[in-house]
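Just one chain follows, in the form predicted alone, and it is written as structure tokens.
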Amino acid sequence: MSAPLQIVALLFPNVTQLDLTGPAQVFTRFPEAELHFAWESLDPVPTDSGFSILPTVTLGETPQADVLFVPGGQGAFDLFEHEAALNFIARQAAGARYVTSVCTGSFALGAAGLLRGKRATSHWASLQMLEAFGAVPVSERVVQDGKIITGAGVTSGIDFALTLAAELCSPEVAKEIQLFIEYDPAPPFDAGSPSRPDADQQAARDRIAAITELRSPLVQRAAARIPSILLP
């Protein structure tokens, strides 16, 4: 009997909970898989939605991941100053079959030195800043470059997880999961990204400008520190 597939999700303060819980709902339906939520302690971790999630394992006791998954949120940028978390990402990534993220979780991958020369995506408001880490920003829902798979903003986490299900299991398994969770989106408006016809273009431009002003200095500092913060 083969060993269970080990899926390790990094859980951290101020994570965007749907970045984490959307894919997790899909991951739990993978055949023969174990899902771990890893953080530095087992204390409740506050999300950006006003409630907390319990880790299941500490960073030091986490098994080697077959799939390493990093969600996003403003907390992903706080990880730039958390050397233990960045080293955890780098060590786990070295032995993982797939290294994955959703939304701005890709910035944590970048800060851990994993996106140099890689095609990657993120939330549209932050996407172009991935260039600071040597990545090639791609405005697509799910982007795969070798063992790196990144999803765009928030709700794309379900698309990403189903893509991973097809890759690891089979398209048939992915379709069955999609059916069981009734992932059949039919939003009331066509405004889900700046490219959609109902999107407020000025609001999108304003959001990009505000996010760039807020996060670009953090990204630039993290990119400059990559060689010194990672373990040999």
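A quick note: this is a predicted structure, and the numbers were derived from the prediction, not measured. Don't overthink the numbering: it's just position in the shown sequence, from 1.
One more form of this protein exists, namely the form predicted together with another copy of the chain; it is left out here, but the text below deals with it.
Among the residues Ile148, Val154, Ala132, Ala96, the one placing a heavy atom within 4.5 Å of another copy of the chain in the predicted complex is Val154. At the 4.5 Å threshold, heavy atoms of Ser122 reach another copy of the chain in the predicted complex. Another copy of the chain is not drawn, but in the predicted complex it has no heavy atom within 4.5 Å of Thr62. Contact annotation for Val57: none of its heavy atoms lies within 4.5 Å of another copy of the chain in the predicted complex. When contacts are judged by a 4.5 Å heavy atom cut-off, Arg116 does not count as touching another copy of the chain in the predicted complex. Within 4.5 angstroms of another copy of the chain in the predicted complex, the stretch 206-220 places a non-hydrogen atom from Arg207 alone.
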